[in-house]
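A single chain comes next, written as structure tokens; it is the form predicted alone.
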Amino acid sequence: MVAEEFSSGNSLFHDLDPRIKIIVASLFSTIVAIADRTEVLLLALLFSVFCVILSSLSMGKLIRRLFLVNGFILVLWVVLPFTYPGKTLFSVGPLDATAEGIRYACSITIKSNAIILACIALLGTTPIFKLAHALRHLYVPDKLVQLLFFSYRYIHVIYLEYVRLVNAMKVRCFHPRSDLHTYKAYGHLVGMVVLKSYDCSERVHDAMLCRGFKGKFWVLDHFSLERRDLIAFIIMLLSITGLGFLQWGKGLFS
């Protein structure tokens, strides 16, 4: 199974009710995604960093995650400043970089890192089974919850099947090249992974039916809100409300 690197620990966020963490993460991500004022985005990033500090996460693992995310964002920094219309700030050969393009790329960078850090601190500190259980308590449709849980559970199984097929190709002296044979081989590889995944899903479904599964997971332990959960929820909700007020409050009262 895919490793849950941040789900085990002893911190305030690890002990919070998962239902609260899902609600806060959803509200925060929505506000940050549609906000456009620089001061709001910087405060949102500060909120995320504060959550990470309270979560007592491993900085090494966290930085590796951020490197993966910012690797994609780096492409935007290469493209957006030279393609976004606006006032020219500097030129690189025939390409003109605009101030608006740089500002837009900076906004995307701050938004992405703020949302990723907050989601890691809030959702990454909860085991996937508890997240699925909490989603069910929040009245998310059963089929969506089961799709999330099974997708997570069997990604690793599909990956192992892919590795087994790749190793079988290597044993048969397969060496990828830029030719038709290689393209056909990779096409067959993808097809076999899909077929093996389908066969696996059929076996798992039959096994679940044999055990009396009727579309609902039964659990022994249920959530209970404690005072610290409510206090943490109120504080984080007020913080998110403050971000929304800074973004749209002047327009409401003008």
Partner chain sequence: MHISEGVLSPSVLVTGAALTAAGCGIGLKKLDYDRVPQVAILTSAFFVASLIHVPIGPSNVHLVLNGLMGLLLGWPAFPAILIALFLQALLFQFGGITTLGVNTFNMAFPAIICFYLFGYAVKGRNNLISNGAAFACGFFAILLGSLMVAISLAFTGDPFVGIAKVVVIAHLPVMIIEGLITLFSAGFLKKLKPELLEVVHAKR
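Numbering follows the first chain given and starts at 1. Bear in mind the structure is a predicted one, so any value in this text is a computation, not a measurement. Superpose the two forms; the largest set of C-alphas matching within 1.5 Å is the rigid core.
Quick note: we don't show the form predicted in complex with its partner chain, though the next part is all about it.
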| item | value |
| --- | --- |
| Any non-hydrogen atom of residue 143 within 4.5 angstroms of its partner chain in the predicted bound form | yes |
| Any non-hydrogen atom of residue 60 within 4.5 angstroms of its partner chain in the predicted bound form | no |
| 4.5 Å heavy atom contact, residue 197 to its partner chain in the predicted bound form | yes |
| Contact flag, residue 212 vs its partner chain in the predicted bound form, heavy atom cut 4.5 Å | no |
| Listed residue (168, 89, 138, 147) with a non-hydrogen atom within 4.5 angstroms of its partner chain in the predicted bound form | 147 |
| Contact residue in the predicted bound form, chosen from 219, 53, 69, 42 - any heavy atom within 4.5 Å of its partner chain | 69 |
| Site check 48, 235 and 241: each within 4.5 Å of its partner chain in the predicted bound form by heavy atom | no |
| Any residue of 18-54 that, in the predicted bound form, places a heavy atom within 4.5 Å of its partner chain | 25, 26, 29, 30, 33, 34 |
| C-alpha of residue 137 moved at least 2 Å between the shown form and the other one on rigid core | no |
| CA of residue 227, rigid core aligned, shift of 2 Å or more between the shown form and the other one | no |
